[in-house]
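So this first bit is one chain, no partners, the form predicted on its own, shown in structure tokens.
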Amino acid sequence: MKEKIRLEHVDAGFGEKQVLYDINLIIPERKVTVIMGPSGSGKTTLLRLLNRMHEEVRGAWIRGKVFLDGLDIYSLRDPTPVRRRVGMIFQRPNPFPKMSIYENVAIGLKLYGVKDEEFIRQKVREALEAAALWEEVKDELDKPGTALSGGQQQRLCIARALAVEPDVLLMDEPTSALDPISTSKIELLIRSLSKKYTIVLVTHNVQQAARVSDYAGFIHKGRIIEFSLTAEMLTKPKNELTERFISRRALG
């Protein structure tokens, strides 16, 4: 297992409320790592720490170290380079309103100062192809991104993240608002993308974890209770809390 991200003794919270406690975790490179746990356990906070989005919330704080390829990302004054390398896909699709499909994918490149229009066009196409969306939208790139279906919008958001060539993709329950067919397409895409990208996926869906992930972590009340190969955790959990969570979710 080659390390991509490492967290050492990470505590985090908001104001007087502590959400995460002494998190020690290694995220392997070019694998899908799923973080599971009940609502309110700290899954999303943990995810947002990995590209420094956590600090955007008023009163947010963090102690400990988060390393990306050996670099402590919280030692940098400017989080912009981190956010370029670590893209984020949110629970609900969020294409930029008043922007076309093309503009939604190109916006990141332009914000980072790329001016070569031919280069941008090529990167937009590559990103849409990687997100398995090009064939569906190639003749209507001027159409508003918000006019796409929910599943297409989520793949558009994935393309937008891919256009700036990140190393890591963070996904916060990316299929929770989608129908089963769209969910299946996103899951197939996740498996395909893991050949090139490190993916960290938050979900409460045990079946989805089994389908798409290589490694799994279980978090409960802000603490990592267990971390192992997904197949191992789902069939032979070592902790009673993990076993109860998996049993309830598998039945529900």
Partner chain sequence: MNKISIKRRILNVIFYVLSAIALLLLVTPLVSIFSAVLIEGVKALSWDMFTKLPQPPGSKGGGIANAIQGTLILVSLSSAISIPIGFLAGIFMSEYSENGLSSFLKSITEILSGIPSIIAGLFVFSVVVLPMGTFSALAGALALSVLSIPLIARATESALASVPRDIREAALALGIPRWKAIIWIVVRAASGGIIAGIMLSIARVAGETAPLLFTAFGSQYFAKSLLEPVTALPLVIYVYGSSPWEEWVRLAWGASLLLVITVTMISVIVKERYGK
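Residue numbers count along the first chain shown, from 1. This one's a predicted model, so the numbers in the text were calculated from it and none came from an experiment.
Just so you know, the form predicted in complex with the partner chain exists too; it's not on screen, but the next bit is about it.
- Shown alone here, M53 lies within 4.5 Å of the partner chain in the predicted bound form, counting heavy atoms only.
- Residue contact check for L111: one or more of its heavy atoms lie within 4.5 Å of the partner chain in the predicted bound form.
- A residue is said to contact a partner when one of its heavy atoms sits within 4.5 Å of a partner heavy atom; K195 fails this definition for the partner chain in the predicted bound form, lying far away.
- With a 4.5 Å cutoff on heavy atoms, N94 counts as touching the partner chain in the predicted bound form.
- The candidate stretches are 184-192, 206-214, 55-63, 33-41, and the one lying within 4.5 Å of the partner chain in the predicted bound form by heavy atoms is 55-63.
- Heavy atoms of every residue among T80, F90 and A161 are located within 4.5 Å of the partner chain in the predicted bound form.
- Note on the partner interface in the predicted bound form: the residue among V86, L148, L178, A130 having a heavy atom within 4.5 angstroms of the partner chain is V86.
- Listed residues D72, D167, E140, E103 were compared with the partner chain in the predicted bound form; E103 is the one with a heavy atom within 4.5 Å.
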